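One chain follows as structure tokens, the form predicted alone.
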């Protein structure tokens, strides 16, 4: 089978890399993404490995890159994407990149520091200018200090410490939210021995740190005495106020203001030059940083991979072990030879045997990736186990469409997915960061098929926004019924409901060409008819789906050489499933094909027959569907019950017998065992069976101790799970009927209560046009929000459960692990 149906063959290879060319070889493997390295130094600490110094140098560079990137972001710039494929730099180029990076970072720190200092200095000058030009002015007692009368106190004190007091000033600026608290604290601390004036600046100043405009409050405080002055200075320091010198003379203040304005202009010119130089440095960072980031990321990945290699005893080469697909081995050998040609010694690749289970490798493309993701979310398959993804491509959208069947809703989903598919190569669409959009975009092909299948099932249900469409002529004739039944005007007036009898000649002309006849949308028993149809359809689809899952298990048993499972597990499972529920499907199909309209009134009940089948009884009022039914039904029940002990005891007893036979034939001579191991083919020898099969397989393929109780317990759990699961899983498929009915009824309610009500409101053309605009808008919004998003998500989750629980557990274990190749490619690119 191809890689999509089953995991590719993966082998364990050993690489001998010359020390001089090891870096180039691993770098080339990272570009190709072919192998997954195994850690041969698991017992060695990460700080004691060979290339830990190189890894630390790369990490230090990444820290510097993060600083440069943050500076670019703060400047409102964006880093462009690197152009082309950049190889990992040579080890000798690391020093050059490190020196240039450190020089750029130092230049940026110096320029940024100078810019901050100049901005802070300019801010101080602007605040000082605002304080001097705010117009507080000294108080009147201090403004006329030349006259002797003003200096003379009213009461002359006979000497003392206060006889030479004069008025002093403290001027500055404070943040507005601190001004009230500052004024209150000054008044209380100085006990009123001051005069304070606070005014708000009319012009906002740019904050030197954040760059945002801010408003400041200027203040002027006049006080008497040195002790009061010390208190004022301490309080202003606590409030982080900007305090500036203040002179009393008006002319001196005007001269100082002019000097401050001149200094501000000169400082702004210097700041402009600094910012221009900063933009030049940031331009160089924008040009050089993206390729450096990619190269250093690749270099770090190479050294981390080299740390997983072991060193040969001669220290002339590195030894690595890696998983690689068999089909990629020629490419691997060619890549290593090309990378190691300059060293003079070619790298060597050869397979080695291994008992570990290889990783699973399933190659996908943009179409199959979403379906493979659904399977992997349940669990990654074991190595070379049957992959459910190819079958999920058909069954998942179909089961979704059974629950979501509507032509209109399916067409909207299909067009939405088609738009994403057509625009998938646009960079803006691929690089979108919205998480919801990325989820939809990743599953665009899944949505495309879900919408397409919903259109198909919508035609079968004959529903388009819950309304039936007459694509073909109806198979029922009302005129023939009226002519042959003698319906008069009086009869029609007395009968609110009319019945169409298919036994009357000409009334039923034949089945509708495709889907359900639109005349059923007018019938009062429309819902009963659809319930019966969809319920039986759900049982048929469920039994078919589960049977297909059991059949897929045959391919696993054949591939792994577990022939006994075909007879002891698969055959009893098929007999149990088909003998009970396959027979139910047969009864449904037989009744559809054999019972005609003439005998529909006396047709037997399938449900009563199925109940009597388990009770080993018969009902006199419920006649058989076919001759010999009384013998067939008990025989099938007995046969199904007889398969339970076979399923329960068959595999444990067979494995016990095989274990005893292998144990008796095992040779006690170890030399023969060693020779037999060396004679094994040059491939991976992983055992693919379950734990109990590893214990019971012939030869030396497994050495685990065989415990019959554990094998029996495992088989008992499997038997109980399968037998009870056949009943519960069949009932679980009835969700197809339930959700299909719920979707149809919700769509019908939305149509009747919104759009039909809006159409009946306006009698005139103009009124109807005005009314229909908001009505149709509400109908469209609720259709998308409720029927497409909510109902679509509900149907998606139920289809997911049917695949995970009812289908995949019949053959798929999902206990493997993915092949994670060493690659430089970023996920999503």
Partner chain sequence: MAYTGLTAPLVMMSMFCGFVSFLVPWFISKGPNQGVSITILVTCSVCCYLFWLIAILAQLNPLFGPQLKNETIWYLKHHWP
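Take the two forms, find the largest set of C-alpha atoms that superpose within 1.5 Å, and that set is the rigid core. A quick note: this is a predicted structure, and the numbers were derived from the prediction, not measured. Positions refer to the first chain, counted from 1.
In what follows, reference is made to the form predicted together with the partner chain, a form of this protein that is not presented.
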query	finding
Options 571-579, 347-355, 495-503, 108-116; stretch whose heavy atom lies within 4.5 Å of the partner chain in the predicted complex	495-503
Heavy atom of residue 616 within 4.5 Å of the partner chain in the predicted complex	no
Partner contact for residue 274 in the predicted complex: the partner chain, 4.5 angstroms, heavy atom	no
Exercise: residue 402 in contact with the partner chain in the predicted complex, heavy atom 4.5 Å	yes
Proximity of residue 591 to the partner chain in the predicted complex, heavy atoms at 4.5 Å	yes
Sole residue of 645, 211, 513, 373 within 4.5 Å of the partner chain in the predicted complex, by heavy atom	513
In the predicted complex, the one of 606, 537, 228, 649 near the partner chain [non-hydrogen atom within 4.5 angstroms]	537
Contacts with the partner chain in the predicted complex, stretch 390-419 (heavy atom within 4.5 Å)	390, 391, 393, 394, 395, 398, 402
C-alpha of residue 440 moved at least 2 Å between this form and the one not shown on rigid core	no
Rigid core superposition, residue 307 Cα moves 2 angstroms or more between this form and the one not shown	no
Shift of residue 506 between this form and the one not shown at or above 2 Å (CA, core fit)	yes
